[in-house]
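So this first bit is one chain, no partners, the form predicted alone, shown in structure tokens.
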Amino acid sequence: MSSVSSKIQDVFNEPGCGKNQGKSEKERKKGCTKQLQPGGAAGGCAFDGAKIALQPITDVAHLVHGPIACEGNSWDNRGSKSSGSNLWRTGFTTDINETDVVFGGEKRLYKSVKEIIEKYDPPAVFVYQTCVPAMIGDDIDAVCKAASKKFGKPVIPVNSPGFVGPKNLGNKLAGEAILDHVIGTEEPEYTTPYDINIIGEYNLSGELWQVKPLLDELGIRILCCISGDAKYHDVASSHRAKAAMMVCSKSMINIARKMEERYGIPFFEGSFYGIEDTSDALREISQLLIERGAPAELMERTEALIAREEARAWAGIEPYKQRLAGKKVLLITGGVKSWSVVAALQEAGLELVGTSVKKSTKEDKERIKELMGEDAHMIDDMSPREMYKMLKDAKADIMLSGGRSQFIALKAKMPWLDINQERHHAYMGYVGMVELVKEIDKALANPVWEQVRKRAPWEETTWEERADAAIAAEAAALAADPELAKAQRRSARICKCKAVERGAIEDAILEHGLSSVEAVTERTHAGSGCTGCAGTIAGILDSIEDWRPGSVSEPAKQAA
């Protein structure tokens, strides 16, 4: 595990990481040596993240070294598409048992690799480490090296056992695996001045195919998409690209930065969600290629294509704009979609009442403020009950989210549209924007909502009315008892990583005269883990006059 530990430390200290940039210089020097907390991988473990990041490489055999449940957990749960091989859809696992736990599972792993190569003859085998074999000490690096030498095929170890951290860490560890063992190991058949890489795009629902025709028309070749609809040879020879576009910096910033560092491939972060963002991305790609030697006339052709496609997209949206004007949307997603989808929805005339930023970088949040204003309602994290209350209070007309949040919207009797990886519709590019508007309109106009919102004949009060009454009663009780309200406010868990409550932060601010997030972090350790609570700490500092004991507004704010 020593090599895994050093690799994790390297990933945590990634200079391009938004959370790392958000730390003070003192905290950055310490690195990310925090101990993991129980439940830290509840949203997906490191193994799950690694498998998600690499499985869209379509012609590779993906072998999970562990119990069969690990493979079953992540197999086929994303809507990535392939234009060629379907080998990636086959679930391979060593299915270790109790005997392997006692005597080790390395022989079983070697035999599994041998069987896969003999039966399927893939260009490479990716071997994923999981919790159990990692804890019993199976050395998958040594097994992969021996198997590669014996069978003459690349056998790539992906060291990402679930217990080392959450899904996002697994994304980056997957990136480190292909940086160390795949990228730069082969050469492309030929190169052109128009070769690019697209990094952090997974071709969900075939979205990449809505953008590729635009690039093809401009003569721009996607040398490799990491990893949507990719082939092993594409990834291995991707170091010869002239430029790169980073779609999701949250998951693969380390790949983009290290390829720029090692191979001189400049990159930018952009989005193909929304009309204007798609146009900006095409311009940025063309500009980078021109700077790397492509003819200057490429920009003229790009502008001509943009003008044509924008006109088509606006014409496609026009029939829906009148019906959607003023409709309110609550967006519960994260990462690049927290700002890129905001821009797309605003173009359709929709009003955003809030967007989640739990998985967003500092740069993502800045973009949200640019789009929605400084008073943008950004949601770090909230319980299902809080989300339900916000839906009711915000009077949103529709919620866009992933599958895990849909039931809250359905309980609130609100239209819901899937915007995450399980979706069945492609929303990328000009064509995708029209499709997104069309699906939102269909969801809002569905006659089922009128029916489900009616009171059942046998009900005197609906469960929503009873829930609203309970929430109102709780608020009234807090308003009537300032001490109870104060106790509840102070008991709120602000930093989950370090288990720091708001009361401890308030006391430290008052006792030591703290005025910055960094000072609070140094004194209480809140925000020294994932830094996700930094914004909340900043809010506590900004609102000090609302809760400082003895302040004029303090009694009136107790229930807030």
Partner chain sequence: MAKVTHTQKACAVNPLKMSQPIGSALAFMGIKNCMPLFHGSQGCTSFGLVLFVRHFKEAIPLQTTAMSEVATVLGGLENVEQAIVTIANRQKPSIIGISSTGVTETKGDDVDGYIKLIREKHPELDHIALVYVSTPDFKDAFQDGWAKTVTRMIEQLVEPVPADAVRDPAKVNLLPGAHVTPGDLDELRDLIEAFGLEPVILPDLSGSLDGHVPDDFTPTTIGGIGLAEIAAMGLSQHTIAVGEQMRPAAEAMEKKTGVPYTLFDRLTGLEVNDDFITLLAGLSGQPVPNKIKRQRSQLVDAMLDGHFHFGGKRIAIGAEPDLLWTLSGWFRELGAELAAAVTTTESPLLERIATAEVLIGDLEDLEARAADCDLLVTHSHGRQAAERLAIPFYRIGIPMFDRLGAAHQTIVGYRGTRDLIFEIGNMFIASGHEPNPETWSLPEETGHVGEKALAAH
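Note that the rigid core is defined as the largest set of C-alphas that superpose within 1.5 Å between two forms. Residue numbers count along the first chain shown, from 1. In this text, all values refer to a predicted model and were calculated from it rather than measured experimentally.
One more form of this protein, predicted in complex with the partner chain, exists but is not displayed; see below.
Engineer: According to a 4.5 angstroms non-hydrogen atom cut-off, is residue 452 in contact with the partner chain in the model of the complex?
Structural biologist: Within the cut-off, so yes.
Engineer: Heavy atoms within 4.5 Å of the partner chain in the model of the complex: does residue 193 have any?
Structural biologist: Residue 193 belongs to the contact set for the partner chain.
Engineer: Going by a heavy atom distance of 4.5 Å, is residue 349 a contact of the partner chain in the model of the complex?
Structural biologist: Residue-level check for residue 349: no, no contact with the partner chain.
Engineer: Can any non-hydrogen atom of residue 209 be found within 4.5 angstroms of the partner chain in the model of the complex?
Structural biologist: Flag for residue 209 set to yes.
Engineer: Mind telling me which stretch in 80-88, 460-468, 161-169, 260-268 gets its heavy atoms within 4.5 Å of the partner chain in the model of the complex?
Structural biologist: Heavy-atom contact with the partner occurs in 80-88.
Engineer: Please pick, from 396, 218, 134, 331, the one residue with any non-hydrogen atom lying within 4.5 angstroms of the partner chain in the model of the complex.
Structural biologist: Selected option: 218.
Engineer: Counting non-hydrogen atoms within 4.5 angstroms of the partner chain in the model of the complex, say which of 149, 107, 385, 442 makes the cut.
Structural biologist: Comparing distances to the partner chain in the model of the complex, the residue within 4.5 Å is 442.
Engineer: Check, residue by residue, if 389, 513 and 548 all come within 4.5 Å of the partner chain in the model of the complex, counting heavy atoms only.
Structural biologist: Not a single listed residue reaches the partner chain in the model of the complex, so no.
Engineer: By the 2 angstroms cut-off, has the C-alpha of residue 89 moved between the shown form and the other one once the rigid core is superposed?
Structural biologist: Comparing forms between the shown form and the other one, the residue 89 CA shifts below 2 Å.
Engineer: C-alpha of residue 99: shift of 2 angstroms or more between the shown form and the other one, rigid core aligned?
Structural biologist: No, residue 99 moves less than 2 Å.
Engineer: Does residue 149 count as moved between the shown form and the other one, where moved means a C-alpha shift of 2 angstroms or more after fitting the rigid core?
Structural biologist: Residue 149: C-alpha displaced by less than 2 Å between the shown form and the other one.
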